[in-house]
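So this first bit is one chain, no partners, the form predicted alone, shown in C-alpha cells.
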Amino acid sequence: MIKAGIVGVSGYSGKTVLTILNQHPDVCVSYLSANNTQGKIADIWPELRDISPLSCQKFDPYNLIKNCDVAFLAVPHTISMAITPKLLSAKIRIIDLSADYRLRDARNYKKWYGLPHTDVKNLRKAVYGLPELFKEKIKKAKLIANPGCYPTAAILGLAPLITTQTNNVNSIIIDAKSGTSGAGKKATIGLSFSEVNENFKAYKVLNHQHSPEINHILSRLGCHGIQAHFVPHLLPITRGILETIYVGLKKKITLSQIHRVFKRFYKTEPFVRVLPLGIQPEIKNVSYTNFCDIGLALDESKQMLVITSVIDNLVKGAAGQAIQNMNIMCGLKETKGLM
C-alpha cells in the first residue's frame, strides 16, 4: 500500500487529490497539511464528512517524511521549491502541482513569476508530467512537475500535429477558456460572483505565465521557430477548460488524413479521446473525469486547421493527472483510481 501525503489540501486541487485518492485501491492517505487552515478535514470540506477521518495540520516536513512514500504538493508557486530539497533527500517521491519545476530555465521562471528560483539543481532534474508524451521518463522520476491546466489541453491538442507535421505548421493561435476554479480558492474581486456571473472576458492577453510553458514543450516536440499565441478567457462556470486552437498549414492535407494521425498518435492512451469527425467536444462531457476530448475541423481552401481540446481543469488539468503520474512512477496501472 502506497502512503500518500497532500500538502495544500485546503485548496481546490489538493481537495480533488484527496477525493480521488480516497477511492484508490492501492493508496492510503496518511498525511494532510495546509498552512492557512488546520483541523478536521470535514470542517474544511464538509462534503468529506465520514469519508476521511484525517485532520489537517500545519506543514511539518518531518511528519510527512515519517508517514509517506509520495507527496502531492498542491501549493502556490515558490512554496514547493522551498520544501522539495528536504523531501527528496529523504527519498520521498514528489508530484508538484505548482509551477515551480515546469520551466527548465531559472531565468524564465524569474521573468514570468517575479522571483528567483532557489532550487536550480532539482529544477534541471524534474520530469514534465504529461504522461501521453513523457511516460518513460515519468517511470524513473523522483520529482514530477505536473503541467498547468491550460498547457495540458493545448499540448495534447497540438502534439500529434507537431510531432508528425512540424514542417507543415505556419502559425498557432490558442483561444482558451476556463472556469473560475482555475484561479484557485483565493478571494479576489475579479472572481466574485457579481463580477463573473453573466460575464465573459479575456485576461493576461499574450502575457499569461502558461505561455512559456506551452512554447517550451512544443519546442521539445520539434516546433522550432514558431511561437504559439495564447489568449486565456474566464468563463462564468466553476470548472472546465475548452481551447480552440487555430493552426495555419503550409501544404495541402485532408481532414481525414489529420484525423488518422491523431487517432494513431493516441491509440494506446486511455485518457485522450479523439472524437469522430463532425463531433466537437464539450466541457460537460469531461467534467469530473481525467479525459481530454479532442475534435477536429479543417477549412481546406484556406488550409486552416481548428483543434478543439477540452478537459476538467481540476482533474486532467491538475489532481487527476497528478495521480496518473503517481501510478506510472509507482509501477501501477495508469488508470488505477481514475476510471
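Position 1 is the first residue in the sequence shown; the rest follow in order. On a predicted model such as this, the values are computed, not experimentally measured, just so you know.
The form predicted together with a further copy of the same chain exists for this protein as well; it is not shown, and the discussion that follows is about that form.
Residues placing heavy atoms within 4.5 Å of a further copy of the same chain in the model of the complex fall in a single listed stretch, namely 202-210, out of 123-131, 100-108, 141-149, 202-210.
Of the candidates 89, 268, 188, 167, 188 is the one whose heavy atoms come within 4.5 Å of a further copy of the same chain in the model of the complex; the others do not. Scanning 223, 253, 261, 196 against a further copy of the same chain in the model of the complex with a 4.5 Å heavy atom cut-off leaves one residue, 196. No member of the trio 24, 36 and 85 reaches a further copy of the same chain in the model of the complex with any non-hydrogen atom inside 4.5 Å. In the model of the complex, residue 60 stays away from a further copy of the same chain, with no heavy atom inside 4.5 Å. Mapping the unseen interface onto this chain, residue 137 falls outside it, with no heavy atom inside 4.5 Å of a further copy of the same chain in the model of the complex. For residue 339, a non-hydrogen atom is located within 4.5 Å of a further copy of the same chain in the model of the complex, even though that partner is not displayed. Proximity of residue 115 to a further copy of the same chain in the model of the complex falls outside the 4.5 Å heavy atom cutoff. Residues of 236-268 that come within 4.5 Å of a further copy of the same chain in the model of the complex, judged by any heavy atom, are 236, 237, 238, 239, 242, 244, 246 in sequence order.
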